[in-house]
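Okay, so here's just one chain, in structure tokens, the form predicted alone.
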């Protein structure tokens, strides 16, 4: 993990309370899909974790939603200002080659999946990307890649199929070899059903304080033998095999 002071290249509104922040990449280490960065927004806030949506030699991008004082302060940051960043944090999605894979997400859970889809495509995978939102204004498909099979749904039917994205996925007639997911916990729980037959990897969200595995404030229960053990989302995750998680 490195600590860098990164210049803001862009901080633009996507739609509603959703924003796209692009930072100058000053890191020597290579980021992988599933990694996150820990941003110091200001002296009055704890660092906040954000999944990587975009990574290359020049820039790092995140998608965030303004939900409180910290993210509202981040929204106010301007191009040319600087942010104190820790990264790359956490683990990452395993990458398969030449498989038929499903990616499914909702909300800001789309962030690590955008990065993931780019890498999966690079390794010859046939990628089906499912994404659900409340309405068409919350679908950020303009950020996504070409050459990927996109399946969208909206609650009100304003774009793509009408209804919940999991229901759309469930009725989709394809035999996937790997499933990747991120987003609301209810979606991740439902995806876990499929982990008995094929690999299912999910990126878990949880409240983090230190973000470095020291405080154990973000633990989840993972199966171990006939019992369970606690794993830290920030350090041991955020990516886990869905079959390992004990959902409360």
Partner chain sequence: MGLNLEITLGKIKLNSPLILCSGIFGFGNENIKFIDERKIGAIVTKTITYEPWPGNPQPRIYETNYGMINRIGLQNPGVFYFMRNIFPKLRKKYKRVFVSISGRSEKEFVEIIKIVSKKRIDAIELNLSCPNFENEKKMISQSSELTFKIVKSVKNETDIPVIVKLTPNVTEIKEIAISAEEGGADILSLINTIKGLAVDFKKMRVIDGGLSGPSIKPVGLKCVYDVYKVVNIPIIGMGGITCGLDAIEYFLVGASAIGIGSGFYSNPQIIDDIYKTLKNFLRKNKFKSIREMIGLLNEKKENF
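None of these values were measured; they are calculated from a predicted model. Numbering follows the first chain given and starts at 1. Rigid core here is just the name for the largest C-alpha set that superposes within 1.5 Å across the two forms.
From this point on, the text means the form predicted in complex with the partner chain, which you will not see here.
Site annotation in the predicted bound form: the residue of 46, 198, 204, 222 reaching within 4.5 Å of the partner chain with a heavy atom is 46. The partner is absent here, but in the predicted bound form a heavy atom of 86, alone among 178, 168, 86, 148, sits within 4.5 Å of the partner chain. In the predicted bound form, no heavy atom of residue 30 sits within 4.5 Å of the partner chain. Interface residue remark: residue 209 is counted as part of the site for the partner chain in the predicted bound form, having a heavy atom within 4.5 Å. The shortest heavy atom separation between residue 40 and the partner chain in the predicted bound form is within 4.5 Å. In the predicted bound form, the partner chain sits beyond 4.5 Å of every heavy atom of residue 184. Relative to the partner chain in the predicted bound form, residues 118, 172 and 246 are all farther than 4.5 Å at every heavy atom. In the predicted bound form, the partner chain lies within 4.5 angstroms of at least one heavy atom of each of the following residues of 217 to 239: 217, 218, 219, 230, 232, in sequence order. For residue 44, a C-alpha deviation of 2 angstroms or more is recorded between the shown form and the other one after rigid-core alignment.
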